[in-house]
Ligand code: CMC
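Next comes just one chain, in structure tokens: the form predicted on its own.
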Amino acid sequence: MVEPADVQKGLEDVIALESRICYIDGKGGRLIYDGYDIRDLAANSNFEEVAYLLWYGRLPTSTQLAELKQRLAGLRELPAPVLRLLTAMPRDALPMDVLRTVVSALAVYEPDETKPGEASIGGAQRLSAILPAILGTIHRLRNGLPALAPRPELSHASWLLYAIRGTDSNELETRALDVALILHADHELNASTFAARVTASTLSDLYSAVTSAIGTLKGPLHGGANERVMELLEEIGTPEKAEEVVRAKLARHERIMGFGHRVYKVEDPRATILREWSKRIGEAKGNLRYYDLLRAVEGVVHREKGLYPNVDLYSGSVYTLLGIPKDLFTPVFAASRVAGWTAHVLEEYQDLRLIRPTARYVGPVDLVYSPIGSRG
């Protein structure tokens, strides 16, 4: 057996590259985008401004932000062939499968934006602008409704809600989604971002890299945890039953989604922010059921296992209260994380080195080939 260096399964704690985009302080419970604490950004910024920060490494001036908002608003319309593709897909197809396929197809119609390098910023903006239209069209078509025309006067968050719901959002709803989009925009070398960078490191195009990322996000060990959280809440029913249900699951060694994190050793700062938004939206809508259930579950899990909430514990309740269907939670995640994915792809192009780790071989090395007729 060949004996290379020690194996770090899952590449845990392996430093694969240098990046200026995102820093996670796992012990201190801090998340930093290009030098700015996520708490500061969630309190004061918006998704378009954060996307600019991730792409360019600095906050925009008022003129630059206005120009970006205008550019994104002008890129919302689906090309006619892509709309026909969406229309032809099975109505019961998984939204993440449709999203992955459509993003891949978009590359055919955006040839200038598929070239690796500086031109890819156009593709980054195009994908960020158009994902809400894709999600909204998926949802409307499966409900027998026509696709909606773009609304260039709407902000990114309000356009995303309108594209899905077909109704305008109020100021609080828009702000809640804006905050959620900011919180999900990047998270260093998570699985989908790493997949995007691996693809980009081969000098493949940005659309291929984002398609790789979407395929990776589809996996239930990366995306979809907030869906499982909402399913758990439906199973529990009332806060009074949280202790019984959660302890029974823990006794059966079942995982309670929305808790623990590979990097954070304390509470995920995104969970702290979304907990408050779950309460604010719940109060505004006269429905604190989800918030009360989540607080009860949180108390049991922390007491029994010492685990802290992560971003997935409260995000599903916020999305549900905003009228976003459960099977669109992960696609909405993608509509936010695409800003981070593309920022990492652009960074990869600037300091290109093929990502090619090594595996420890554990098979035999001295077998002798035998003719097929002599094999038992």
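Numbers for residues come from their place in the sequence shown, where the first is 1. Small disclaimer: the values here were computed from a predicted structure and weren't measured.
Absent from the display: the form predicted in complex with carboxymethyl coenzyme *A. The rest refers to it.
> Heavy atom within 4.5 Å of carboxymethyl coenzyme *A in the predicted bound form: which of Arg76, His187, Lys218, His139 fits that? Just give me the one.
For this set of options, the contacting one is His187.
> Between His222, Lys285, Arg303, Arg247, only one gets a heavy atom within 4.5 angstroms of carboxymethyl coenzyme *A in the predicted bound form; which residue is that?
Of the candidates His222, Lys285, Arg303, Arg247, His222 is the one lying within 4.5 Å of carboxymethyl coenzyme *A in the predicted bound form.
> Could you confirm whether Glu235 comes within 4.5 Å of carboxymethyl coenzyme *A in the predicted bound form, counting heavy atoms only?
Heavy-atom contact with carboxymethyl coenzyme *A at 4.5 Å: absent for Glu235.
> Tyr291: heavy atom within 4.5 Å of carboxymethyl coenzyme *A in the predicted bound form?
Tyr291: no contact with carboxymethyl coenzyme *A in the predicted bound form.
> Answer with yes or no whether Glu348 is in contact with carboxymethyl coenzyme *A in the predicted bound form, where contact means some heavy atom within 4.5 Å.
No, no contact at 4.5 Å.
> Heavy atoms within 4.5 Å of carboxymethyl coenzyme *A in the predicted bound form: does Arg262 have any?
The answer is yes: Arg262 has a heavy atom within 4.5 Å of carboxymethyl coenzyme *A.
> I need the one stretch from 30-38, 66-74, 310-318, 46-54 whose residues put non-hydrogen atoms within 4.5 angstroms of carboxymethyl coenzyme *A in the predicted bound form.
After filtering at 4.5 Å, what remains is 310-318.
> Are there residues in 28-62 with a heavy atom within 4.5 Å of carboxymethyl coenzyme *A in the predicted bound form, and which are they, in order?
Residues within 4.5 Å: none in this stretch.
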